[in-house]
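Shown below, as structure tokens, is a lone chain in the form predicted alone; questions about how it binds or moves come after it.
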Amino acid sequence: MTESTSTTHSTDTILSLKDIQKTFGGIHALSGVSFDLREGEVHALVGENGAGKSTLIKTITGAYVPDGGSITVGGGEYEMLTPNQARQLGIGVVYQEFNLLPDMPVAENIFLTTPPMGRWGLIDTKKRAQQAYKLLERLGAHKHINPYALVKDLTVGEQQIVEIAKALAMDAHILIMDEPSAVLPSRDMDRLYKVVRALRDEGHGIIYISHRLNEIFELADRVTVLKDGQTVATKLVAKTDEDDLVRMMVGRELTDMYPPVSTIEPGEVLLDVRDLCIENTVFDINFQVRAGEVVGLAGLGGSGRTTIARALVGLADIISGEIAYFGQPARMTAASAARAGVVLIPEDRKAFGLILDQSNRFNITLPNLPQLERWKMILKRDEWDPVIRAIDDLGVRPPNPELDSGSLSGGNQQKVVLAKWIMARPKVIIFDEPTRGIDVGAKSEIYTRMREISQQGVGIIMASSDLPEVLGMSDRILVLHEGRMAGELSREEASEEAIMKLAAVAHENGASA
């Protein structure tokens, strides 16, 4: 492991992993990973999907028993930790998917396993609320999060702070944050950053996992890169850059993250949206999508991107206006939209794109069963061959049709979702946050495949909060502001500044506030 001198608050190591090994069915998930965390440090952990980050975190927290190596924490050296030991040693985790009870108050969630007790063995509810308030005050959230509020009434960003407070309530001195920004709207990012910095300044050691490399340079003191279950390097963030991290993560230069712009002129109008109003949140939307073009939908959180994406395939209530598919006005359900060749690759692939406990083969063929049916039967050969082709074509790893989709990394899950709809031969594909939670290498592969699909005459709508992605992939960009169309930019006119001016400001001739 390569390491530079730290400029963090302390040089005291509070967690050290040495030569950690973990194998699943003969496959090495971790092959001698070494890693250390210092007091008062934000230490970023990065790597492609499948690099070993999740396995390493589960080893630290006692969910997995390592096959070799040692863990030093709390003054002791261990061959393994149990979950209870990890908690007692002050290790806490804030997962991307929250583990909160929505119908219970904030204070009860924070002290669910460690409630303060009063006389006669009863929970001291007043003391619990007071202690919850003090924790929220430490996190700078006491003015907008009430300890008595129900979790379901909080924003996503506020729920995340409750998760952090819950870890602190268990005296966590080592805090692992697993993709904490992946579920957050842009307006909550600054609040998260302030919380992370405040915890670091208190002396906590924070392991920060993120695919968003800009966050690493915003927050982290050091960064460790994993690849293929091995430690590539640990570096001071101040002495590296994004290109260096990408090169270490993927083993190659990614100078061309986005594929070349299509030189093919857009063809016929496939989709025509006229005066569309949706669920009292989106108003008077007009646009067209032509064969062979990528149309970007940009805007701040709450601007209506996802609502429009869902309405185009019958998943959101249309109040007024018209959607014409291939020249024919229609109000479609999700099923009839799919039959017409208009499909959605959703933002949350785990909840809405895949059945996680079913195989890749099952997920890929599920919407394609009618075309595979012969004499009221589906022969395994007829199902197997196109699935193998789809997996090979998109580079799904591992390339096993019978592997449960839930066991794949985020990037490979997204490839399976894409594979099932490519098999359906759609005319229009709507991508909602196509690369959320996906590493840089898989992103590049998905962008390339999107461009190839568009050059085959498919119309693509891409709703995204990632401005470089919007700029890199879109032939035209539609900018939304508070549910209304704020403007349209050609590829030549588009820039981050131009998009943000439209997205954040209501102009007299554009959106109305």
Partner chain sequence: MTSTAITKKRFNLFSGFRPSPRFVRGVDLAGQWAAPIMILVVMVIAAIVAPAFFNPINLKTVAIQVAVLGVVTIGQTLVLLNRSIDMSVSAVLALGAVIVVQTEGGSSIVSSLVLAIAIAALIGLANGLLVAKRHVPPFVATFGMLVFVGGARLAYTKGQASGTVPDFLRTISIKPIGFIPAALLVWLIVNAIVIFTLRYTRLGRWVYAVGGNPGAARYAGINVDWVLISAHIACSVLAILGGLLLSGYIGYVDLRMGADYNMNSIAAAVVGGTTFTGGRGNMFGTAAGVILLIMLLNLVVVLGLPIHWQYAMQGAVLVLATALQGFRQFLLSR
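Since the structure is predicted, the reported quantities are computational estimates derived from the model, not experimental observations. Positions refer to the first chain, counted from 1.
Below, we refer to the form predicted together with its partner chain, which is not included among the displayed structures.
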| query | finding |
| --- | --- |
| Heavy atom distance at most 4.5 Å to its partner chain in the model of the complex, all of A351, L354 and R361 | yes |
| Touches its partner chain in the model of the complex: P370 (any heavy atom, 4.5 Å) | yes |
| Contact of K415 with its partner chain in the model of the complex (heavy atom, 4.5 Å) | no |
| Close approach of R200 to its partner chain in the model of the complex, 4.5 Å, heavy atom | no |
| Heavy atom of L315 within 4.5 Å of its partner chain in the model of the complex | yes |
| Region of this chain that lies against its partner chain in the model of the complex, out of 277-285, 172-180, 418-426, 217-225 [heavy atom, 4.5 Å] | 418-426 |
| Heavy atom within 4.5 Å of its partner chain in the model of the complex - residue from L192, L184, A338, L139 | A338 |
| I319, A330, V156, L366 - the one with a heavy atom within 4.5 Å of its partner chain in the model of the complex | L366 |
| Residues from 78-93 in contact with its partner chain (non-hydrogen atom within 4.5 Å) in the model of the complex | Y78, E79, M80, T82, Q85 |
